[in-house]
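Before any questions on binding or motion, here is one chain by itself as C-alpha cells, the form predicted alone.
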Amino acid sequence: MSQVIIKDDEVDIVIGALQSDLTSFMEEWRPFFSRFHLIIVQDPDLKGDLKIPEGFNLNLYTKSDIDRVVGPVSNSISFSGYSCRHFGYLMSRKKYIITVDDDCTPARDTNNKITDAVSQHIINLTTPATPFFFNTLYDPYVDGSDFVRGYPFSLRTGVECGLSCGLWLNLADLDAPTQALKPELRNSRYVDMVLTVPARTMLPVSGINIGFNSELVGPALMPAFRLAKEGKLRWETVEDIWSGMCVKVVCDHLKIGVKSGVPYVWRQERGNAVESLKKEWEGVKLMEDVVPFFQGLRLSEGAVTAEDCVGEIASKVKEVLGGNDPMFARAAETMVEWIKLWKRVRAAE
C-alpha cells in the first residue's frame, strides 16, 4: 500500500459509548488512537459516569452537553443509542472523521498482524476514487496495481473520496432474519482489497467502521430515520443504512467517490438476533420501498453542497414516500432540522 502522510491534527476519532466501561476497548485501540484527538459521546440513555483510561487526548460529551448545544431545535432529532456518534460529527472541526463501534477491536490480517484501521481509512480517503468506470484490478492506486487495458485515460486521475466503508471479521453485519436463520455464521475471510463503488449504485453503509471527509459529506451523515420499535443493537436499527443511501446519492451528484473494503475490525457478539428480529422486521420491509426510491433519485444542478443535497432529498422523501408511512415523513422533517442544526452550530464558531 502506498504510504500517505497523515496530519494528526486533521483527524478526529468519534466513539459512541453504549457501555459504561470503555477500558478494554480503549486499551485495545491505544496503539492506533493515542496519536489522534478523540471525541467520545455517551449515549444519553446511559446513566452514570464513563470509565475511560488515562493517556488519551479527548473530549467527552454527555447528555447535558447535547441538551446545551442542541437546545430546543426540534424534538425530531434523537441522539439515543448509536445515534449519539452523530453529535460527535456535529462537534468535530477536523477534515477527516473515523468512527468504530465500541464492541469492535483491531483485526488481524492473513499474516496474523494487527491492522491499523485508522491509517487505512485515511489512505482510502486521501487517494482518488474511480466511480465512473470500474477497474477490474480494483483499486488502481495501490502498490502492485494499475489501470487495466481499455480504461479511459481521461478518467485515470479519479475524483476525491468522501466515504470509506470498512468491513468486519467474526460477526458480520447481517440483518436479524439472516443471523437468526444462520446463528453460527461468521466472517473469517480477510480480503486485502479496496474498490470504488460505482456511481448510481446503492450500498448498505454501516456505521460500525467508517471514515469520511467531513468537509465534503459530513452533513449527509445524520440521525434521521428511526423505527417505531427501534432498539440499541445494530440488528435493531436501520438509521445508518438510510444515512448511507443519502450520502451515496450526495456523492454521486457531487462526483465524489465511495470506497469499500479494508480496513477490517474484529466485531464482538452482542444481543439476541431472534429478539432483535421483532424490532427490525419493520425496517426490513420498508427497505423494499426505500431502495428503488434512492436508485431513481436525481438532484438539481443548484445543489452544490452536501447541505443543499440533503435538503432536496428530504423534500423528495416527503413528496414521494411521505404518504406511504409516517416514518418517512418524520425522517424528512428530521433531515431538514439536522441541516439547520449543522449550519447553526458552525455559524456560532
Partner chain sequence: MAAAQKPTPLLKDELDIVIPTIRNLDFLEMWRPFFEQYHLIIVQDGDPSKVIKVPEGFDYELYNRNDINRILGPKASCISFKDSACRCFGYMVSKKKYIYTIDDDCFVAKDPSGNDINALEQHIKNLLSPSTPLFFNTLYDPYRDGADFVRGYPFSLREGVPTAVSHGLWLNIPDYDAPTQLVKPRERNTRYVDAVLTIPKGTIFPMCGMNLGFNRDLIGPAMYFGLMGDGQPIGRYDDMWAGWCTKVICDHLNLGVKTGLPYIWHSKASNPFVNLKKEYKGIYWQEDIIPFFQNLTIPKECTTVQQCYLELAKLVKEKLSTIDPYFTKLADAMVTWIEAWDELNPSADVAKVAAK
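In this text, all values refer to a predicted model and were calculated from it rather than measured experimentally. Residue numbers count along the first chain shown, from 1.
What comes next is about the form predicted in complex with its partner chain, which is not displayed.
In short, of 202-210, 215-223, 86-94, 249-257 it is 202-210 that has heavy atoms within 4.5 Å of its partner chain in the predicted bound form. Listed residues Val142, Ala180, Ile114, Val159 were compared with its partner chain in the predicted bound form; Val142 is the one with a heavy atom within 4.5 Å. Scanning Leu167, Ala107, Ala273, Val118 against its partner chain in the predicted bound form with a 4.5 Å heavy atom cut-off leaves one residue, Leu167. Every residue of the trio Val148, Ser154 and Asp240 has some heavy atom no more than 4.5 Å from its partner chain in the predicted bound form. In the predicted bound form, at least one heavy atom of Met287 sits within 4.5 Å of its partner chain. Although the partner is absent from this view, Val320 stays clear of its partner chain in the predicted bound form, with no non-hydrogen atom inside 4.5 angstroms. Under a 4.5 angstroms non-hydrogen atom cutoff, its partner chain in the predicted bound form has Gly261 among its neighbouring residues. Not displayed here, its partner chain is kept clear of Pro128 by more than 4.5 Å at the level of heavy atoms in the predicted bound form.
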